[in-house]
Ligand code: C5P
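The chain below stands alone and is given as structure tokens, in the form predicted alone.
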């Protein structure tokens, strides 16, 4: 199985809800940067992780892919003793929902392994129990997310978009970034994104320039406060001709939108030569959600 990274093209963070989550309005796009997940029947449930940042991924029952296997096993009555092998292509703790992608891939994989034949919507409903981004990782494409991000509405769009992702040397904790935003809001006004209308209109028109202007993320000021060096990447993106740039989700990955694939390749090369970010990746979107790609 493989499952894609996600970008938040727009993210408005509202008040804390009674369940402890923040109310969100976001526009997701799945992009072609993938985690590969392999499942096989085994004598016990195990997790093995390879790839960049593998040492940061838990190998115990807290791993999201392992939790997905156990959840589907309980709901379908199957044996959860599965060996899970994950190869990370999505930045770890980078704001691109790599853990949620792994969970989505595990749900799709167990559904195939056990012959459950669940619909994508049914898997997404189960996946929402694991994390707010899991339903989108299952569906992919581009979607408007509300609630805590798990309530999805497909977005009318046309065209493909060329992204450059600049990866940082250290991840950021999602709870820490939300906590910093809450702290900032208690001490004074911070910039907020009003609504996703500009982004949605740009997607409908297939207008990359308008999309670049409309990119926004309420979590960006908090991510910058916790990791000020991200400003250098945002400034470099502007100086090197990106149509727009933002911290992806809770960060610290910075996503930059280019005019087209050629411009994206040029931007990625310039960033690499400048030594900005530990690594630079190219990805196009939108792409499909978690899928079985082999047996």
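Numbering follows the first chain given and starts at 1. Worth saying up front: this structure is predicted, and the values here are computed from it rather than measured.
We do not show the form predicted in complex with this ligand, though everything after this point is about it.
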query	finding
Segment that reaches this ligand in the model of the complex - one of 112 to 120, 130 to 138, 82 to 90, 208 to 216, heavy atoms within 4.5 Å	130 to 138
Contacting member of 154, 188, 77, 175, with respect to this ligand in the model of the complex [4.5 Å, heavy atom]	175
Exercise: residue 287 in contact with this ligand in the model of the complex, heavy atom 4.5 Å	no
Any non-hydrogen atom of residue 275 within 4.5 angstroms of this ligand in the model of the complex	no
Contact label in the model of the complex: residue 22 to this ligand, heavy atom within 4.5 Å	yes
Those residues of 239 to 256 which, in the model of the complex, come within 4.5 Å of this ligand by heavy atom	none
